[in-house]
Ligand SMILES: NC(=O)c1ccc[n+]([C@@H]2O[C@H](COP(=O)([O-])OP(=O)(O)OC[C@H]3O[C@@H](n4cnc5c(N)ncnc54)[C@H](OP(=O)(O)O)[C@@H]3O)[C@@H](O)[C@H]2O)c1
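Have a look below at one chain only, the form predicted on its own, in structure tokens format.
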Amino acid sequence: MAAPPILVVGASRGIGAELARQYLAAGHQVHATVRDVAAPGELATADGDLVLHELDVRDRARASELAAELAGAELAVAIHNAGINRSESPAEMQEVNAAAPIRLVEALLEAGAIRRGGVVAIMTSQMGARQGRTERLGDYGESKAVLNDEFQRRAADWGRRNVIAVVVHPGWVRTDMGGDSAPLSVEESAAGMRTLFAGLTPTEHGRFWTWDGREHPW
């Protein structure tokens, strides 16, 4: 039986690219979004059944088009990895990190792109956890906190639509965003998340997880 298709949003480099590579190596068809299909970054040399889609997550019309293109795709896992950790505009940080993931997931669900029992995984960060915090979150942390807040508001409805949706902290990873001093490699983080996604059941729906399968406080 062929491995079911996967979607990785934000896959040109880092964690997204590694998730795409690992799913390709496991025999999945991978739909991967990049800002420019003519310059797909690390996926330029990827092997396997890779389908590239051009997407800037800030482009609402294009996000709707992508969902329509994937209608009936029966995606087993849809991962929203796109995000930024620096911007001159806090409003842009909120748009990319908090608003865009929710909007795209809603569009995918409306289009029927995700199969019954499929996994929706949105990349968040432990920096967005409000519980136990006394210090200011900062623009990046606040954008992830707003994402988490909106995810919690939508989780019950998404569950009724027969998907298993979670937010995930990928760990502190050696990427352009995480820096060279981060303890985790992209390979370790991606492999851990793949194991997490494969083992999710409806019981784990609507919760905040770490890359290695531990539940994280909100």
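For clarity, every value in this text was computed on a predicted model and none was experimentally measured. Note that residue numbering begins at 1 and tracks the sequence as displayed.
Absent from the display: the form predicted together with the named molecule. The rest refers to it.
Contact with the named molecule in the predicted bound form, defined as a heavy atom within 4.5 Å, is made by all three of 15, 82 and 176. Comment: the named molecule is not present in this chain, but in the predicted bound form one of 67, 30, 165, 55 has a heavy atom within 4.5 Å of it, namely 55. The named molecule in the predicted bound form comes within 4.5 Å of a heavy atom belonging to residue 35. The named molecule is not drawn, but in the predicted bound form it has no heavy atom within 4.5 Å of residue 148.
Proximity of residue 108 to the named molecule in the predicted bound form: non-hydrogen atoms within 4.5 Å are absent; the residue sits far from the partner.
Remark: residue 20 does not count among the residues lining the named molecule in the predicted bound form, judged by a heavy atom distance of 4.5 Å or less. Heavy atoms within 4.5 Å of the named molecule in the predicted bound form map, among the stretches 43-51, 56-64, 22-30, 148-156, onto 56-64 alone. In the predicted bound form, the residues of 152-172 lying within 4.5 Å of the named molecule by at least one heavy atom are, in order, 169, 170, 171, 172.
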